[in-house]
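To begin, one chain is listed below as structure tokens, in the form predicted on its own.
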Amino acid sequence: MKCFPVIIDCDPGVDDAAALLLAKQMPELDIRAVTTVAGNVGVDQTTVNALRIRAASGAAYPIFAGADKPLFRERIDASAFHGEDGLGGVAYPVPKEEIPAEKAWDAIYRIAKECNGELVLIAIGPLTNIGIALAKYKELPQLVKKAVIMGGAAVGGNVTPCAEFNIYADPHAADMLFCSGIPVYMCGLDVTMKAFVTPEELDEIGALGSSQAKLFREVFQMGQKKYLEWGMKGVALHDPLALYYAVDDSIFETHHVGIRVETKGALTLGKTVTDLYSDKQMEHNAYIVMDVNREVFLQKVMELMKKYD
């Protein structure tokens, strides 16, 4: 089993929290760092939440705080979905630990150099930290093997009719990544909305009995209510899907395409523009993930969560 170095750039966030719980049990991932960014809630809170999940999972990776606002636009958040604390109001202790002074973008560059071109970026929040790193360190694209992101969509959006939250939160940083030369694998709403977990399936995970399994279930309860109110079968595992794709793409449908991000349109800000369905072809700078074997994916999630005692 090949193990490879990763940085998980995130904005915990309930589904980020679930992804971090799963990451701890994935032997393929050599987690060199978790970096935090403003997104679902402010960066101070996402950093606290990363600390909480690290303690809950028993992991030992370093955590580096990053950007507190997007590169150019005003900051938005998703606290209406994730709760004011970002974890759906779940009461969980906050460890009294110091965060290193090194900023997230500097840690990304330093670790990328240490990994000699083998580093994989798993970005499941707004891409501000990566945008800053790309602007500050021109050689960074040559040091990163690939980036797997949760964000965007070939069709539609969830924060506007044509934009997904993570891309909309910092469209300029997202476009920088797509234009950087780093191979980008985009796990957007096209595939993540298919990776839902029903209330009954979520209860099965919680019933595994470990504190981590119970936490996995509890953080989704607030969001699950909203999904059911919207007429959906369950809550989407957006970030866990992107994390799993980085390890095993065999249960997914992936297409090599061109992707850019709209950064100026009043109605289309944050739209990921792709030639997937177009006769006119763009430069094929990225990959878009369009489908997943949901049953196998959920089986893998269950197997990983069973690893907690």
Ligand code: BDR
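Numbers follow the displayed sequence, beginning with 1. Treat the numbers as computed from the prediction; the structure is a model and nothing was measured.
There is another form of this protein, the form predicted in complex with this ligand, and it is not shown here; the text below is about that form.
- Contact annotation for the candidate site: Val37, Thr128 and Asp170 all lie away from this ligand in the predicted bound form (no heavy atom within 4.5 Å).
- Contact annotation: this ligand lies within 4.5 Å of heavy atoms from the stretch 231-239 in the predicted bound form, the single such stretch among 97-105, 231-239, 178-186, 134-142.
- Taking a 4.5 Å heavy atom cutoff to this ligand in the predicted bound form, the contact residue among Ala78, Leu202, Ala213, Cys115 is Ala78.
- Among residues of the shown chain, Glu164 is one whose heavy atoms approach this ligand to within 4.5 Å in the predicted bound form.
- Taking the partner from elsewhere, Met150 is found to have a heavy atom lying within 4.5 Å of this ligand in the predicted bound form.
- Contact annotation for Val219: none of its heavy atoms lies within 4.5 Å of this ligand in the predicted bound form.
- In the predicted bound form, this ligand sits within 4.5 Å of a heavy atom belonging to Asn158.
- Of all the residues from 119-135, the single one having a non-hydrogen atom no more than 4.5 Å from this ligand in the predicted bound form is Ile124.
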